[in-house]
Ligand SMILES: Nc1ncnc2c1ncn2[C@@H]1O[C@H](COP(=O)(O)OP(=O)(O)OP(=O)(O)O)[C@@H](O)[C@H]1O
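Below, in structure tokens: the form predicted alone, a single chain.
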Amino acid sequence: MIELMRASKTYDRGRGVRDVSFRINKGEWVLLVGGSGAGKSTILRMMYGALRPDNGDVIVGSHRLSLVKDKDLPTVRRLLGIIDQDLTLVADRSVYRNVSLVGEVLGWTKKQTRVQALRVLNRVGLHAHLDQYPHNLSRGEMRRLAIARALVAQPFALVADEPLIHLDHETATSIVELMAKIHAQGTSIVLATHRAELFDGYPVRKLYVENGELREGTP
């Protein structure tokens, strides 16, 4: 369902990733584990087309991204629920409006938009915060809002870049538990993290990224 085939990306300073190959099958929960600058974010950004690999290719569903024109990339990205590190929440929109914006962009009816938005906000535990604005939320609640927005269009996979960053242990653990519930309900997950120990005991597959190279197994 998602596959990278010998994908490489080099930046001007020489850093990047080299010959990355792996496949994420339906129903899997995959961690990209590594420190800052290891190449995790580059891999994820290639996965949803924010970066084009210099060599190799990426397949998302039935789409080979090297054959997808830039103007058609948004259609492919809708197959994925994307959460980047800075969350990109809309500061002047309420919790509800941050999520309902997805339905507006996709051309849903007002009824469909409301039903879907309330469904996912209840799912992530934000049903009591509909009229709050992002700056009124805790860091954990902001993560939950980003997750809700990523899930509203019912993607087949959730792609998250460091969703536990800057969270205390208790809050990070609650986000991992939420991810586990989402995974158990049938959504595939791939996320980058440097806090792999918080996922011990969960049905995750760990891929380790170091100096732009990827390998499976123990660190």
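Numbering starts at 1 and runs along the sequence shown. All of these numbers come straight from a predicted model, not from anything done at the bench.
Beyond the structure shown, there is the form predicted together with the named molecule, which is absent from this document and is the topic of what follows.
Though the partner is left out of this view, H63 does not reach within 4.5 Å of the named molecule in the model of the complex, counting heavy atoms only. In the model of the complex, the named molecule sits within 4.5 Å of a heavy atom of A38. When the named molecule is considered in the model of the complex, R18 lies well away from it, no heavy atom lying within 4.5 Å. The named molecule in the model of the complex comes within 4.5 Å of no heavy atom belonging to H183. Only one listed stretch (172-180, 150-158, 29-37, 65-73) carries heavy atoms within 4.5 Å of the named molecule in the model of the complex, and that stretch is 29-37.
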